[in-house]
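Only one chain is shown below, in structure tokens, and it's the form predicted on its own.
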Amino acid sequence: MTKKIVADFSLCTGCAICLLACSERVTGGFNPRYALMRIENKMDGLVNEPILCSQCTNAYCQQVCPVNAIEVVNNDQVLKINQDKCNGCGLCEKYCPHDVIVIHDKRAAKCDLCDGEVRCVSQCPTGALQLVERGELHE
């Protein structure tokens, strides 16, 4: 079954530890600009809303990729970008409805749930991020 990260904005303090954990995995350094998620500050900073990849069933990023680099790997139902196929054209970044795909080192990058050890979730000090089975979302 497909897993997905869900966010509870009421628990998010905007501390950005999740962004640092994500960017460290992506780049080996701590730079929130390279995180594969973002935090939107709303209502004059009173509300912090984590914006994450939805692991869409009918993903726009996958549909627009001209080289079919975005694919489901190992039947885990998580969309991953095959770096050997990606040509860095940026169409997936442009059409991501959540604006969470980045071009880094001339290749696209998106959340792949850290291959099972989801760092943003494990490092969130308030529990604002949770990894759930897609079926649990309706409960």
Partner chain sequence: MNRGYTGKVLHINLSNGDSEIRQIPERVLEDYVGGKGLAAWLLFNSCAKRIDPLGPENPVIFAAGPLTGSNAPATRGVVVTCSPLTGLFVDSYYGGHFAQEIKYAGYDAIVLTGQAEAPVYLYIEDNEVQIRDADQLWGLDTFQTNGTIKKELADDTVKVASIGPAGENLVPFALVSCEYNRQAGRGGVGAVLGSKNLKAVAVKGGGTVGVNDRNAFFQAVNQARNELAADATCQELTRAGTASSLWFANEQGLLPVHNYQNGQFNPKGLAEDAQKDQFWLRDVGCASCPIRCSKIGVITSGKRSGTISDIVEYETAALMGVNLGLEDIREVAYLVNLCDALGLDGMSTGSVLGFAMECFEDGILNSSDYGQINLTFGSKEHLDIVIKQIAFRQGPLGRLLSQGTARAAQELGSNAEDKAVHVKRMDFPAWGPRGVPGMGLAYLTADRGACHQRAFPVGNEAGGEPWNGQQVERLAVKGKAEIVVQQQNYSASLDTLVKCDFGSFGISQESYIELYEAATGDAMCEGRLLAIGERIWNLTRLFNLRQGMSTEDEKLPQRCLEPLPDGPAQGHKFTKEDQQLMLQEYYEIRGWDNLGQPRQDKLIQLNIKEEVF
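Predicted model only: the values in this text are computed from it and were never measured. Residue numbers count along the first chain shown, from 1.
The discussion below concerns the form predicted together with the partner chain, not included here.
The partner is not drawn, yet in the predicted bound form one stretch among 90 to 98, 64 to 72, 46 to 54, 106 to 114 has residues with heavy atoms inside 4.5 Å of the partner chain: 46 to 54. Not displayed here, the partner chain is kept clear of Tyr60 by more than 4.5 Å at the level of heavy atoms in the predicted bound form.
For the chain shown alone, Cys12 is a contact residue for the partner chain in the predicted bound form, at least one non-hydrogen atom being within 4.5 angstroms. The partner chain in the predicted bound form is approached by Gln123, whose closest heavy atom lies within 4.5 angstroms of it. Residue contact check for Leu131: none of its heavy atoms lie within 4.5 Å of the partner chain in the predicted bound form.
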